[in-house]
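One chain comes next, on its own, written out as structure tokens in the form predicted on its own.
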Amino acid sequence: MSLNSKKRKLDRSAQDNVYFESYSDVTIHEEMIADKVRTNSYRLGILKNYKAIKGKVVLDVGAGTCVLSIFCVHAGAKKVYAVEASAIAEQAKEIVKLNKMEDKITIIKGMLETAELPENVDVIVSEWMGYALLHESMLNSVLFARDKWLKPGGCILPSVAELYIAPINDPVVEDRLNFWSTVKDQYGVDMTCMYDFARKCIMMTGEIAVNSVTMEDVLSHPAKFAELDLHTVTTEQLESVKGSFNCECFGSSSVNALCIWFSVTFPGEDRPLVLCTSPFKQETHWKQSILYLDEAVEVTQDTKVAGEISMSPSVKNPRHLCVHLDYSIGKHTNKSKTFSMGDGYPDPE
């Protein structure tokens, strides 16, 4: 989504419209369905729970193209209510018709919070996760559906989400910063004075970057700092998801960022199925969320990286994400930094 040249204040209705319009284009749905880790995890996670789904009523929150609704029919669902607010709902109707499931899947176009269902449901399924898990704040809609329509003892797929953090060395940033020291050798013009300006532009903006991190970039074992049980978590608790972390570095390197990723778990009788966005696993379209430090810190074996992290919706736009970080690296004094992630539209002042 392109960035507006002017900052403008968007009320909540306009903010929702911006969000839903982004899901009206084919690109985002292509990206999600082409993500084999994501789509196969949902397919297998739903099929593994066929005993909870067979002959039951399912609600698909934010159904998109209805691929999850169709998976639920494959698992034996008697009825699926697929709620989708964006214009992709029209294409979803064609997909459902093409798969001859009009008698099983009812598409309800509109926001979940204003939708009307003819009955309560036994199962809720949703692919609600955004970058760093909580960007876009769609989990609130899942919890709204849980509290309004899910029968007592009902099933939510996935049922648990976990957040992880680890220090990293992002070599791309180092290469971009060191580039300015190579200009003189290439062109005979000394541009080493650009280093500090480049560092300010790349690392000191406070924006959460979304990129792929390789396992070689990760400098310690990950620390889990939060866990959300979708059967019990409240919308009030989502106002501030926080936790502490304590990591010990593997060896000598330079920490220039901290990296966040998440996993979600589908229950299973034999063993759960976990969809994980870790750098140690196959890449997904979520990649990883990177928090760049204002300056890199040299570390050695067993150097401690510790602190506290808090994630919350932006006050200016609840669909945007804010992250506050208090951290220390080795003997360096405690530092704080606040980060944000938008959707291409700048937050209003």
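This structure is a prediction, so every number in the text was calculated from the model and none was measured. For every residue, the number given is its place in the sequence shown, counted from 1.
Only in words, not in the display: the form predicted in complex with another copy of the chain, which the text now covers.
Proximity to another copy of the chain in the predicted bound form, defined as a heavy atom within 4.5 Å, holds among 204, 117, 198, 111 only for 198.
The partner is absent here; in the predicted bound form, the one residue of 226, 95, 138, 223 having a heavy atom within 4.5 Å of another copy of the chain is 95. The stretch from 320-328, 293-301, 53-61, 66-74 that comes within 4.5 Å of another copy of the chain in the predicted bound form, counting heavy atoms only, is 66-74. In the predicted bound form, at least one heavy atom of residue 176 sits within 4.5 Å of a heavy atom of another copy of the chain.
Interface membership of residue 232, defined by any non-hydrogen atom within 4.5 Å of another copy of the chain in the predicted bound form, is ruled out. Of the heavy atoms in residue 315, none are within 4.5 Å of another copy of the chain in the predicted bound form. Proximity of residue 43 to another copy of the chain in the predicted bound form: non-hydrogen atoms within 4.5 Å are present.
Not one of 122, 247 and 257 comes within 4.5 Å of another copy of the chain in the predicted bound form, counting any heavy atom. For the partner-free chain shown, 176, 179, 180, 183, 186, 187, 188, 189, 190, 191, 192, 193, 194 of 174-195 come within 4.5 angstroms of another copy of the chain in the predicted bound form, judged by any non-hydrogen atom.
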